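Below sits a lone chain in structure tokens, taken as the form predicted alone.
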Amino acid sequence: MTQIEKFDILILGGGKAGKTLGMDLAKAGKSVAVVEAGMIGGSCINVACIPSKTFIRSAEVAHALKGLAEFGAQADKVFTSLDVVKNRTAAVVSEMVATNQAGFDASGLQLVIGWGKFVAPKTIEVQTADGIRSLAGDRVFINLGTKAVVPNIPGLAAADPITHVEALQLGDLPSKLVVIGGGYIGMELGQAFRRFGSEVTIIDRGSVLAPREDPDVSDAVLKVLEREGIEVVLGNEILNVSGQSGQSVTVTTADGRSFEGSHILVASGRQPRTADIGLDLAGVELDSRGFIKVDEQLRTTATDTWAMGEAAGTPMFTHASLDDYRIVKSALSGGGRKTSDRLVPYCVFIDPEFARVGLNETEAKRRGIPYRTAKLPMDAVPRARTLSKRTGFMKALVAAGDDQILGFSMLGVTAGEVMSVVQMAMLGELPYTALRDGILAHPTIAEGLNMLFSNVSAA
């Protein structure tokens, strides 16, 4: 029988929440083991946020070169080498992995590489390269994340489609990419490949892109993609797929159309990594979708066991997972921080970026919350003109009965950075007049907030 190694803290999954908690508690003198299947630092830095945004940045540069004449410059024989793009992306990932490894080493936690599964409450068996290890913790934390869903469409699995992981590792540019799914990943990578020179078709069964957003946002995002030559097919079910991704594929839709491509990218949702890891043996219950059941402080149904990150139903953003760490740390010290109290922003890294924090009009109406609104085209912002980045708009919601900011949406250059300014005002419970009347540097994109909030009607 394998001897059980005991720790104060046992963490299954080394994503943002898990690794941060592990290092923090190890520095505090706890014995900590973090079990990770192989991606040191988690999926964000290995196959998701960091590599995808590095890849997208390369696409932005390629796109900018095509418009040099507007700025009085000229470049001959411009071409894209996806192999160089891949190597640059890999280099950034390698640096981030090394930084994370150094942090683990400095903290004193024990990183156990291998596949782990529960064999009893608070006990995990890990298949490592050197054999099986059995680990137990006084307190256990699950941070397993999600993986791409491959829909049950006839012929799709047999076509060996790529996901965002493989898309970032291609050495040759697809001549024509068919993207299944028009969500954030589909839009971001679809635009990037188009800018590198691929023909791109995005197919989504929904009637609009970005269905969580207001209609004016959805319409504007669609126009952004279509202006770049991306074919967007909405409100259409895929009946079957034939061929082999990387060679030739055909996608047939319910309206009888067929779409040809050299590659097929699946970007139609994600599912939690909770199957076949013995959660039932640990006493950890799942909901109907396979996510771990947790309370507002991320406790599971098992004693001294918490779940963090996407597998716990947390919004699928690294910054939300980081806040899970804060909530769990608060719970461990008797604090009252909880998931229902937080304001989670997000950003979609198409170009121009889209960012939102708080309510939009659709949500406010659904909840019966009265509001005032203000909207400003990016073309009105002087800095946007100097950059030749005039596409998009800012929009804010302000409470009808007082001057509190309820939400902010922006489609425009550096939208994520500008959104953070508004988020700080919301967290500080400042009235919208603080942004209307504050002295913001000229000429900056954030200066547009002065103009935006000047458009709010009187209460």
Ligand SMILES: Cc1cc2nc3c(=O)[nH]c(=O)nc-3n(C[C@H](O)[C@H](O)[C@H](O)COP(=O)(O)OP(=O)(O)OC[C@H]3O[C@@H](n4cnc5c(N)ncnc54)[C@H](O)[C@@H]3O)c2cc1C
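Predicted, not measured: the structure shown is a model, and the values here were computed from it. In this text, residue numbers run from 1 along the sequence as written.
Only in words, not in the display: the form predicted in complex with the ligand, which the text now covers.
**Asked** Is A399 one of the residues lying within 4.5 Å of the ligand in the predicted bound form, judged by heavy atom distances?
**Response** It does not: once the ligand is placed as it appears in the predicted bound form, A399 has no heavy atom within 4.5 Å of it.
**Request:** Check whether T80 has any heavy atom within 4.5 Å of a heavy atom of the ligand in the predicted bound form, and answer yes or no.
**Result:** No, T80 stays farther than 4.5 Å from the ligand in the predicted bound form.
**Message:** Even though the partner isn't displayed, in the predicted bound form is N100 close enough to the ligand, meaning a heavy atom within 4.5 Å?
**Reply:** It does not: once the ligand is placed as it appears in the predicted bound form, N100 has no heavy atom within 4.5 Å of it.
**Message:** H164 versus the ligand, in the predicted bound form: is there a non-hydrogen atom within 4.5 Å?
**Reply:** Yes.
**Asked** Of these, A37, M424, L65, A434, which has a heavy atom no more than 4.5 Å from the ligand in the predicted bound form?
**Response** Among A37, M424, L65, A434, a heavy atom within 4.5 Å of the ligand in the predicted bound form occurs only for A37.
**Asked** the ligand isn't shown here, but in the predicted bound form which of C44, L406, A26, V413 has a heavy atom within 4.5 Å of it?
**Response** Result of the distance check: C44.
**Request:** With the ligand left out here, work out from 298 to 306, 107 to 115, 381 to 389, 229 to 237 which stretch has heavy atoms within 4.5 Å of it in the predicted bound form.
**Result:** Single hit among the candidates: 107 to 115.
**Prompt:** Since the partner is left out here, which residues of 347 to 375 would have a heavy atom within 4.5 Å of the ligand in the predicted bound form?
**Reply:** Result: F349 alone.
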